[in-house]
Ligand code: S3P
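Consider the single chain below, provided in structure tokens and representing the form predicted on its own.
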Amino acid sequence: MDKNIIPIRNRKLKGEFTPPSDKSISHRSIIFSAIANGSSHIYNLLTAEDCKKTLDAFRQLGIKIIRDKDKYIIEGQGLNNLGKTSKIIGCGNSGTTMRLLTGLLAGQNNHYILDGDSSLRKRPMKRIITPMKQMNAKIKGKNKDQNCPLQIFPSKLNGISYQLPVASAQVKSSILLANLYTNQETIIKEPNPSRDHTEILMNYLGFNIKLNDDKIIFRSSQNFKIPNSQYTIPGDFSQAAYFITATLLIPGSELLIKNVNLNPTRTGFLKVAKQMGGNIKTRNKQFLQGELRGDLLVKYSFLKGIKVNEKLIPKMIDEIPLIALLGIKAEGITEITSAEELRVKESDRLAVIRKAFNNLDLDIKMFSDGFRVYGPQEIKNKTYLDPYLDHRMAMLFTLIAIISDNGAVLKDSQCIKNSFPNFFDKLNKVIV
């Protein structure tokens, strides 16, 4: 569905905003609830399309899931009691659903098939199949294991020591879930820290998992019973980042963003925005279930271009396209490298940015692993912006349109529902 986005012109962002629930933690809370021994309650669970795919997958595997007002009740059946299904488990557009379920289902004594939509079928799956096969998993993917659909066959798994080629929370989470079935030790080494929600949840639940410098060491035990628990999901920082960006760029704006996840492995964008001169203050910080959360007070700011430290890339991989927009309005040059992971997201985000910015006559130099933008620039052209069914690119293009002189037409705006179903309503409420 195409959507005509008009510029806000003399208006601004004011008031308070609570972002939708954290998508990464929502997926993981569902998974650990399903394999727990007993009933778990999840409060503030994200109900976007991606998380619905994870819920639907476990329903298909025989897990009883009930929505009761403000919580989800998941009746866990234990680690080894996921059901059989002769039907394909559909993961839609959700790479998290597919990659984490692959690790979990590799240790079940059943045959499963996982598939996704046309976008997910293009995303790399060998990065999880390679360590899975080292753990003796029997998995077969399309195109020599590069893509889904994936077939998972029963096997006896073993622990491994594995060096991640690229920092990836999904890959390490898949390995950790598979190691639940080994009764052995697995060691994962990361080139740089990536989001650690799986490790935090496992610590919260009492697993024997240790973090040692760049290593994650997890010894599983066949006698360990995963406890039923209660989860309260904080707001998603990645979604808050769109409202941070708009507030920083629109004159006169001031926005209080409440109850947002401030996990240090997720907030690289916050560091970069502050380094560029962003006026952002943190309030009411607290830990709950191992996750840091708090409020952010954001004000319109005059920004300067910077070269982004490559060590921050894994901590802001989903927010990097927003840095391109900040750079367009900042004074000087903004440059990002070592972000080749953007090539294999829901779209090739670097290619999508290049095409859109070229259509808008914006000065940008693309690299194979990043970009350099020059600012400040005016956004004058009204054009047709195609996010290639990528929810994050669609939200980026919405921001470009509202700060431009003439707006834009956004193709396939419905893809935003994959992660942020009420994005436009939330945005309109804070524009005054």
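One rule holds for the numbers: they count along the sequence shown, beginning at 1. The model shown is predicted, which means the values in this text are computed figures rather than measured ones.
We do not show the form predicted in complex with the named molecule, though everything after this point is about it.
A.B. asks: Taking the named molecule in the predicted bound form as the reference, which of 276, 317, 89, 270 has a non-hydrogen atom within 4.5 Å?
C.D. replies: Only one option qualifies, and that one is 317.
A.B. asks: Which residue, 129, 169, 104, 240, has a heavy atom that falls within 4.5 Å of the named molecule in the predicted bound form?
C.D. replies: Here the answer is residue option 169.
A.B. asks: Heavy atoms within 4.5 Å of the named molecule in the predicted bound form: which stretch in 107 to 115, 91 to 99, 302 to 310, 143 to 151 meets that?
C.D. replies: One stretch meets the cut-off, namely 91 to 99.
A.B. asks: Verify the flagged residues 12, 253 and 258 against the named molecule in the predicted bound form: is each one within 4.5 Å by a non-hydrogen atom?
C.D. replies: No, because 12, 253 and 258 lack any heavy atom that approaches the named molecule to within 4.5 Å in the predicted bound form.
A.B. asks: Wondering, does residue 28 line up within 4.5 Å of the named molecule in the predicted bound form on heavy atoms?
C.D. replies: Yes.
A.B. asks: For residue 392, is any heavy atom within 4.5 Å of the named molecule in the predicted bound form, or not?
C.D. replies: Flag for residue 392 set to yes.
A.B. asks: Is it the case that residue 293, even though its partner is missing from this view, gets within 4.5 Å of the named molecule in the predicted bound form, heavy atoms only?
C.D. replies: Residue 293: no contact with the named molecule in the predicted bound form.
A.B. asks: So in the predicted bound form, does residue 345 come within 4.5 Å of the named molecule, heavy atom to heavy atom?
C.D. replies: Yes.
A.B. asks: Scan 177 to 196 and note down the residues that get a heavy atom within 4.5 Å of the named molecule in the predicted bound form; none is a fine answer too.
C.D. replies: Residue within 4.5 Å: 195 only.
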